[in-house]
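In structure tokens, the next block holds one chain alone, the form predicted on its own.
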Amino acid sequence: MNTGANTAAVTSSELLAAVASRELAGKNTVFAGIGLPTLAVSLAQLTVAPDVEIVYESGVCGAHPSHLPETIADSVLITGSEAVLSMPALFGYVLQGGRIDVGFLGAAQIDRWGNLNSSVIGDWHAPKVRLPGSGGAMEVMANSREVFVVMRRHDPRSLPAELDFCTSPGPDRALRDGIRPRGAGVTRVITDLGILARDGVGEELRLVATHPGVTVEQVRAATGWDLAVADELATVEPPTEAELRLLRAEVDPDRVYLR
């Protein structure tokens, strides 16, 4: 049986979406950010997590869109959904009520403790790049049982020793500031070099798996801190032909997020 696809024909977006989707096996409720998280959750519904409930920041719960939404306000999210809640109900009852298994986010930067930056690159007062900001990510970070992050780039600028700005603090930083968080914070980071993980509060992210052909030295050189490596380092299975077929023909045939 052919379990893998020709990796030369696989784009970075396809790789990230396929690998990230597998992390959702056994999860029940996922708060999905727009972009690669949406792509990964949609694929997971067709593969490892057919009963997963997808929640979006616009208040849509149990989304079953006819095609991929381009924004959280896309009308395709409403049709066929199981509920549409007001913002107070979504954030007060669903998120703050502890009903989200996994918050699935993207970010411009992430540090060793899983704190996220989605606000600015460079100095706050004269940034090189100004980004969209938190949106609901800070609430997702604070109230989800755990958070997965997918990163398009793995380099010292995206995984720095110090964030240019902390938009969404993880539980370690929250505890330092006297705030007791609900969940474990970031437990998985999927990049184009491999997978970083930690079990929860008090632990740094460590390298637990690399993509085929990627060395530990490459990953460490692309990380802005002294990255720890798991004792048993795994090799990520490349996207299968079935996963690629689903991504290309059913999940995102119009290439909204696949690049």
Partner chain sequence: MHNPVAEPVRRPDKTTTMREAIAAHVTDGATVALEGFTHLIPTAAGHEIIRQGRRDLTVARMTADIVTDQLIAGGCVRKLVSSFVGNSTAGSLGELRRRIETGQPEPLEYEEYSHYGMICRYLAGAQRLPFYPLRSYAGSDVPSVNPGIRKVTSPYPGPDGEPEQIYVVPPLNPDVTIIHAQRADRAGNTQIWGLTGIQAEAAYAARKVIVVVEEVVADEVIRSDPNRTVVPAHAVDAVVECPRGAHPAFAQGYYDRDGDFYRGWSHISKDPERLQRWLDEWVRGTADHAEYLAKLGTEAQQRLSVGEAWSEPVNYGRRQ
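Positions refer to the first chain, counted from 1. The shown structure was predicted, so the numbers you read here are calculated from the model rather than taken from an experiment. Whichever C-alpha set is largest while still superposing within 1.5 Å between the two forms counts as the rigid core.
This protein has a second form, the form predicted in complex with the partner chain, left out of what is shown; the following refers to that one.
The shortest heavy atom separation between residue 50 and the partner chain in the predicted bound form is within 4.5 Å.
In the predicted bound form, the partner chain lies within 4.5 Å of some heavy atom of residue 139. Of the heavy atoms in residue 130, some are within 4.5 Å of the partner chain in the predicted bound form.
The partner chain is not shown here, and in the predicted bound form it never comes within 4.5 Å of any heavy atom of residue 109.
The stretch among 209 to 217, 188 to 196, 229 to 237, 51 to 59 whose residues place heavy atoms within 4.5 Å of the partner chain in the predicted bound form is 51 to 59. Annotation: in the predicted bound form, residues 12, 102 and 221 none come within 4.5 Å of the partner chain through any heavy atom. Contact annotation for 74 to 94: residues with any non-hydrogen atom within 4.5 angstroms of the partner chain in the predicted bound form are 74, 75, 76, 78, 79, 80, 81, 82, 83, 84, 85, 86, 87, 88, 91, 92, 93, 94, listed in sequence order.
Comparing the forms between the shown form and the other one, the C-alpha position of residue 124 differs by 2 angstroms or more, with the core used for superposition.
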